[in-house]
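One chain comes next, on its own, written as structure tokens: the form predicted alone.
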């Protein structure tokens, strides 16, 4: 019987009892498993593409040559009307500020909910250890529901506007930050907590004085990273009527030709804002985490 772990070629097999033989055995098994996984991945990708192709209205490969038709039309019209871009930047700046306000408010609210959720779901720190799995599942549920689904439900209840967007993004952010905050808190040193407990400090004092000073830099770093994500999310939610620059982008694209200079102006304004936020957040994270 041929050992497929080493191929069909007959010959002397390495002795697993020796150090070199054990290493060769593990290496060949690793290559075998990697090959099987690669074949499975390629087959899964091919099957998924074929399923999407069968359900698509048109053939993907046949229409591939037209991929740049719409972008070329948009940028051609915007280049023709490029003199209007500075005025359009000023026109849509208030909408961009609204989008940033939505993202900032949602990040703050999500962080305020995610922080206690993280502590209550962290083993060794939870106020009620038996309920820690329950708080973890709550964070999982909050993180699993997409923002757009929550926003659509809230728009139906509250009407269109920025409030549904803030609540939807904050709900999802609380679950995401709760998970990240909890992982950071699990790696915290418990000796300060034990010292505070020996002096008679209650649970809240132990967390406030023993854990928060350790995790605060990483928590703030994660919150800044989440703020970057929420800026994009708030722009996307504008497409469903949640206000901000996304709503203006939706209106400009719906009008089609004749409004493409507005589309490009909004894209550029949003792109520049996200790049600026990304750079400032990176600098702030480095200062918080690395002290420089």
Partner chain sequence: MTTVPLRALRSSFRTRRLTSLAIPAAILAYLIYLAISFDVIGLAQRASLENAKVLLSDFVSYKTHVTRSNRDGHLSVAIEGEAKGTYPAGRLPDWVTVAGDTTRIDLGRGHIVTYSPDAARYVVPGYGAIDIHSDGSKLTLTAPKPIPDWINVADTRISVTTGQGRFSYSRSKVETFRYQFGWELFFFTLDSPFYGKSYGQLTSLLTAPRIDSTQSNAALMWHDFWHNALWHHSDVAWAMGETVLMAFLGTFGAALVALPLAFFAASNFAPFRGLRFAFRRLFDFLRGVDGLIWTIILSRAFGPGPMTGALAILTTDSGTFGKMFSEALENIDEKQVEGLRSTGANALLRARFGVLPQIAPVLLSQVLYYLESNTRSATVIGAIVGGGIGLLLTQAIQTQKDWEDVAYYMILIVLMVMLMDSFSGWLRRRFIKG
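Computed from a predicted model, the values in this text were never measured in an experiment. Residue numbers count along the first chain shown, from 1. The term rigid core refers to the most C-alpha atoms you can superpose between the two forms while keeping them within 1.5 Å.
Below, we turn to the form predicted in complex with its partner chain, even though it does not appear here.
With respect to its partner chain in the predicted bound form, the three residues 128, 186 and 287 uniformly fall beyond 4.5 angstroms at the level of their nearest heavy atom. Only one segment in the set 84 to 92, 113 to 121, 196 to 204, 99 to 107 has any non-hydrogen atom within 4.5 angstroms of its partner chain in the predicted bound form, and it is 99 to 107. Contact between residue 145 and its partner chain in the predicted bound form is found at the 4.5 Å heavy atom cutoff. Proximity of residue 77 to its partner chain in the predicted bound form: non-hydrogen atoms within 4.5 Å are absent; the residue sits far from the partner. The closest heavy atom approach of residue 36 to its partner chain in the predicted bound form falls outside 4.5 Å. Taking non-hydrogen atoms only, residue 274 approaches its partner chain to within 4.5 angstroms in the predicted bound form. Shown without its partner, the chain has 145, 146, 148, 149, 152, 153, 156, 157, 158, 160, 162, 163, 166, 172 in segment 145 to 184 as residues with a non-hydrogen atom within 4.5 angstroms of its partner chain in the predicted bound form. Relative to the superposed rigid core, residue 36 undergoes a CA displacement of at least 2 Å between this form and the one not shown. With the core superposed, residue 263 shows a C-alpha displacement below 2 Å between this form and the one not shown.
Here residue 249 does not count as shifted, since its C-alpha moves by less than 2 Å between this form and the one not shown after the core is aligned.
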